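Encoded as structure tokens, the following chain is the form predicted alone, with no partner shown.
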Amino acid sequence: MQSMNLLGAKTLFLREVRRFLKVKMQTVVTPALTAFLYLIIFRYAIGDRHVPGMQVDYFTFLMPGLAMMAMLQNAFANTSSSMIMGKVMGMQIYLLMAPLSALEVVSAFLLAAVVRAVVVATVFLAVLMPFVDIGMQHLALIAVYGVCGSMIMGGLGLIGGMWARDFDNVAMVTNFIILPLTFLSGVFYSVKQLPEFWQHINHANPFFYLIDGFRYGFLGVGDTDPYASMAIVIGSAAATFITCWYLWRIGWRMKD
């Protein structure tokens, strides 16, 4: 049985981390600026209005969802951009030839996506925390939903990058799939405010459970039972990882 190439996997992981840290305007400055704009728009435009059915003001309700949305989008961007840049530059063939198994490659890519998501969320929350009274009531839920959500989106970014042939293909996936699903996942509203039909539609959105469970970890309130939803989230993360592993193992669309 072949032993794992831990040094090679670590090297790939560090390459991916250093790659996104070199663009600090995207990974640090932009989330901070975005958080500040949300503060101005929602905090001071809406004031202290409360979410119907919840004893929490609207901006406090909004903040965890915005942080999670930023995590999801950045995790997807990290792996998809790495894959498509490698394809365009003709570099992925060297990664396929490297003495790394599919398990090691996928693990390195997804772990780097999780790190970027955590960095973005930390910067985002650090800017907003002084302006809102919010706690971390369930740290375990925050960790599980944050890591699993980042893994799922990192995996989808990896699959999207393997499928795409150029940057336009990646942009199409981002604009027509990722952005609508994240914006319509209960970030800006409680699904209990919606008509019953649209509540059922919203519950079919997998991102809804990520946003709601993450929010529950901070506020202790949500639209669903986060412990029941955890099985869906962990199962989705596992399924995404296995799919990425299989597609990389067979070199799906990587040798075209």
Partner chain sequence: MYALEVNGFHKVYDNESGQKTALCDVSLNIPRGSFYALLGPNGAGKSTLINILADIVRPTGGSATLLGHDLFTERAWCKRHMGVVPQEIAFDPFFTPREVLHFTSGLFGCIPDDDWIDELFARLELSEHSAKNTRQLSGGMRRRLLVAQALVHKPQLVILDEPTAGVDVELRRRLWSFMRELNANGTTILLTTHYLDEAEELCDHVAIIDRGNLLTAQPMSQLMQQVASSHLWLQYDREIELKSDDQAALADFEPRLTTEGICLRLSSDTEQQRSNSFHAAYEAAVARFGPPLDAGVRKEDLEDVFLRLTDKHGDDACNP
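The structure presented is a predicted model; accordingly, all values stated were derived computationally and were not measured. Positions refer to the first chain, counted from 1.
The form predicted together with its partner chain exists for this protein as well; it is not shown, and the discussion that follows is about that form.
Considering its partner chain in the model of the complex, the lone stretch of 81-89, 137-145, 119-127, 172-180 in range is 81-89 [heavy atom distance within 4.5 Å]. Only one of L184, A102, A98, L111 comes within 4.5 Å of its partner chain in the model of the complex through a heavy atom, and that residue is A98. Among residues of the shown chain, T243 is not one whose heavy atoms approach its partner chain to within 4.5 Å in the model of the complex. Remark: L12 counts among the residues lining its partner chain in the model of the complex, judged by a heavy atom distance of 4.5 Å or less. In the model of the complex, its partner chain lies farther than 4.5 Å from every heavy atom of A238.
Its partner chain in the model of the complex comes within 4.5 Å of no heavy atom belonging to M25.
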